[in-house]
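Two forms of a single protein chain come next, each set out by itself as structure tokens; they are called structure 1 and structure 2.
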Structure 1
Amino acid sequence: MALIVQKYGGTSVGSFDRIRNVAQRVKALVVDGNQVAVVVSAMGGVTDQLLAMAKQVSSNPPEREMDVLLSTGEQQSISLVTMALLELGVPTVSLTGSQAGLHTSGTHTRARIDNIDATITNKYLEEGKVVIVAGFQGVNEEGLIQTLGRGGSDLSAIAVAASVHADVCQILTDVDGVYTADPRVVKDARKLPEISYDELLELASVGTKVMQSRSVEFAKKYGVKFEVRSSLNNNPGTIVTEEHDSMESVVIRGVSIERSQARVTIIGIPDEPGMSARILGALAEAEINIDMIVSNIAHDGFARHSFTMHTNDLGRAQAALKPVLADLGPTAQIESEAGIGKLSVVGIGMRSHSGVAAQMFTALGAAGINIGMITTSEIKISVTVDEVQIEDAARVVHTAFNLDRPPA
């Protein structure tokens, strides 16, 4: 007998047939003698519909109220999945995030989990009941509902698995594992048998949305080993775990893309202390998430800084930088550009192999794809390219690193 925590994402509970399928799968685990807790997302598309509903009545919906609204999506699914299991004769109870003891803090719509009190979940599990927990939501110290950011049910699942000391944690989704690239974009992407927390964390933070990045961070912190697999078949999935020596023999584990990026460049910045802080401080104050930051040493006494952000934030960034520009003096000018894509390659093998960047840039150059900005970390290289070329760029680089072939 094992204690199994499963998470079913939006597509996996996206129709009544799918919900019945989830119930059948959970029942099979129970029949085999396992204890099961299941975290579910809202039915596919429901969270987007709720967001659209808010826009109908408010130009700037308050985040506290957004959380009240958005959390209803998951509340629908827990009751429906529970009913489907009861229909199959499996004793089951549903729990909201608050009832499951998911305590959160921080900003509404992107709260973090502080701790989980698994008392109620454990009580039901010990009574032999299946527990269906609403993903994506928790409750803060004031008793207010908070949500965990898009894709946050992954985080709920990892947190529940940690809190009940699950033997197995499975993230069930519409692909049967983590692939070398998004299989919707790169058709010869391969399923990875395993990947390290750090690699998946890097991939998730640069657009690989199969797992929410904060959930991977949480799993690493609390040592929750988990598997990503399909809710529609029984194929073995991808194990996400601590890295081990043999993982370093593969240089690049995966390729990831992000679309809808924009670039802002400020030129003619006087080469004096405090200038970068002024610029980035203004963006931080406006709560604009900037991503790549590229700066060059000053030339003729003037520096330049470029950074990328989501296109949706471009207008606000320009507004936030306007007063700063006046402070920087008459030489400073702002340039911006939308329609940018970001391509990243990730692999812990990069630590021990050289020439990876050269190989990537050569492949892109040979395909006639121009590189804009470049940033690197210990296990990641990211470049910007014209957004219309982003999918081609992903395929070219995927092939250049032989990711379409099994490792030798």
Structure 2
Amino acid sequence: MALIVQKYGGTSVGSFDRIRNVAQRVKALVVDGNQVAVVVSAMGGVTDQLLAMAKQVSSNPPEREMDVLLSTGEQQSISLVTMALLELGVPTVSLTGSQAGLHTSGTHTRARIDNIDATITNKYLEEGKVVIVAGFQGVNEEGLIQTLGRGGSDLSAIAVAASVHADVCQILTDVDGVYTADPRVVKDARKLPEISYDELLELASVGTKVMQSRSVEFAKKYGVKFEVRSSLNNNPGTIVTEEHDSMESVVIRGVSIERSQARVTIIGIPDEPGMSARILGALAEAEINIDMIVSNIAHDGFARHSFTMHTNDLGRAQAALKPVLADLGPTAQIESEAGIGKLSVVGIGMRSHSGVAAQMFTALGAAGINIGMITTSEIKISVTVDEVQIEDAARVVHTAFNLDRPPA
């Protein structure tokens, strides 16, 4: 007998037929002798409907009340899934985030999990009941409902799995695992049987949308092994786990792309202490997230800073930097470019294999794809290319590292 925590997203419970499908899947686990806790999201589209309702009565809905409103979406789901399981004769009980002991702190609509008291959940599991928990929500020390922001139900599931010491946590969604690349872009992309926490974190940071980074970080911190798999079939998914020695034999685990990137370059910056802080501080105050950063001193003795961001932030970045440029003096000028894509390769095998960057750049050069900015980490290399070439670049690099074939 295993203790299994499952999470079903909005698509998986997006209709009454799909809710019944979830109930059948959970019943099969119970019939096999397992203890099961299930974390569910709001039905697909419900959260958007609730947001639209709030806008109908308020031009600026307070975040405290938005948490009260949005949390009802998951409460609707847990009731319906519980009813479907009871209809199948499976003893089941639903719990809100508060009832499940999920304690939060921080800002409304984007709270963080501090701890989770699994006393009530364990009590029901020991009684032989399936426990259906509302994802995306918790309660702070004042007893106020708080929601966890994007990816909150995944985070709830990992937290529940950690608190009940589950044997495995299954994140069931509309994709059936983590692939070496986006299958819609690279037709011969291959599903990975396993991936390390660090590799998935890096892939998430550069565009892979399978899991939010903070859910993976939480799993790594508490040692929760989880599996990303489809809710629409019974095929094995991708196990996300701690790094082990055999993983290093795979040099590159995956390729990821991000579209709609823009580059801003400031030239003629006086080579003096504090210049970078002034520039980046202005962007931080404007709440602009920057990604790649390259800085150097030109032959004329002036510094040059380049950084990338989402294209949607380009106009605000230019406005935020305008007063800073005036303070930097007459030599400072700003250049900007939109229509950029970012290509990244990720793999913990980079730590023990040399020549990865050379192999990547050689493949891109042979395909006539010019690269712009370059940044690296211990297990990642990212480059910018013209956005119209980003898909070709992904396919070229995927082939160059033989990612279409299982490792020998």
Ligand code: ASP
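Remember, predicted model here, so these are calculated numbers, not experimental data. Counting starts at 1 with the first residue of structure 1 and goes up one by one along its sequence.
- Annotation: structure 1 represents the form predicted in complex with ligand ASP, while structure 2 represents the other form.
- Each C-alpha goes to whichever rigid part superposes it better, and by this rule Ser94 and Val30 end up in one and the same part for the motion between the two structures.
- Rigid-part rotation between the two structures: 13° for the smaller part relative to the larger (C-alpha based, whole degrees).
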